[in-house]
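Only one chain is included here, represented as structure tokens and corresponding to the form predicted alone.
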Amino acid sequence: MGWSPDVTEVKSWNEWDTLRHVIVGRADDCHIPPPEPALDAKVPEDSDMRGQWGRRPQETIDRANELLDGFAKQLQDRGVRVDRPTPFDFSKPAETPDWKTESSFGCMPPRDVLLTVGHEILEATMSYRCRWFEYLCYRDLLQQYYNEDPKMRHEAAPKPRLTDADYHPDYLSDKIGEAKRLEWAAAKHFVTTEEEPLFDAADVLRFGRDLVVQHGFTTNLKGIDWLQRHFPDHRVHTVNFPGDPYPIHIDATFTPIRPGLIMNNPQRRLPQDQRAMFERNGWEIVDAAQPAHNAPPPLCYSSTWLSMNVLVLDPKTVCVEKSEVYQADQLDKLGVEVVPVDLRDAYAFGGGLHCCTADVYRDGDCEDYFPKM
């Protein structure tokens, strides 16, 4: 029996099988968060984000929601079931016995928070204090799925304390310089320490029985070890990309399109020793096309490489941001139907097409795409 829009089922084993049910984020009440250790390390030193925080202008929120609503409708028109999160008041301070920050962030990028592996949806730890309570935006949906699907597992990783011990203090300077950042990235010296398990869901790519996880600013080795213990039937592989001075989330760096094909950011290539697993099993890793833009939109954390932050609808169909003409042309030449989506004015709220979605159901079962290990 196949998927039915009238029956809720949680199931997604990879990044490319036919998408049937998805969560698309919202931009409501999104805030630029106040300074904090994890955030300060992420904001580029020449960014217009430095020193700014507070609620984003309403006209930009309205524009982002217009685009997100349009994307949701495009998916629905293609037969995909779309659910949306429930924002809370992000202007309220987030506080625990260990720390307080003056606002939360938002709920545009569910991919950061929610990891679907098979019949399970796992809430990530998160490594930013301003994102501590973000999971609450999705709880109504997860409770609904749990009530309607007897096979669904709703799990939450242990909430970290996020004290100052979780962060290396040498990253707190705003004058580190890119050369030093690249040196630290090559040495795998990131802002997060190994005090406790930390991971964002957007650092994880799903390849059937294999999970590929980026070690960087938002996911530490203890977080990757926790994922291996939590998914004992999976093989969990640690990757890193030395060319990235701000290594946060894998989906603007390493993007599977279909079985056997991955796009890799040419400025952040996977090291040769880590490529072996893919090459031994017949996977082709190609350099992604150059972005169409020389700079990110105003007040945006992300790099121009959101060009390769695409959403695969099935192995022959991929959503690409409509202004990213070079990425669209590359995928077209690789035999992929490109669906253009207008989303650039929403980038600043949490990312691109992959970021603003989270899988609930894709066709297909758990397969072994790396039999030669």
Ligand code: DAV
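When you see a residue number, it is the position in the sequence shown, counting from 1. Computed from a prediction, not measured in an experiment: that's the story for all the values here.
Another form exists, predicted in complex with the ligand; not displayed. Remarks below refer to it.
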query: Which of 65-73, 315-323, 300-308, 31-39 lines the interface with the ligand in the predicted bound form (heavy atom within 4.5 Å); finding: 300-308
query: Residue contact check: E134 to the ligand in the predicted bound form, 4.5 Å heavy atom; finding: no
query: Proximity of I248 to the ligand in the predicted bound form, heavy atoms at 4.5 Å; finding: yes
query: A252, heavy atom within 4.5 angstroms of the ligand in the predicted bound form; finding: yes
query: The ligand contact in the predicted bound form: R181, any heavy atom under 4.5 Å; finding: no
query: Heavy atom of each of E15, R258 and V341 within 4.5 Å of the ligand in the predicted bound form; finding: no
query: In the predicted bound form, residues of 112-127 near the ligand [heavy atom within 4.5 Å]; finding: D112
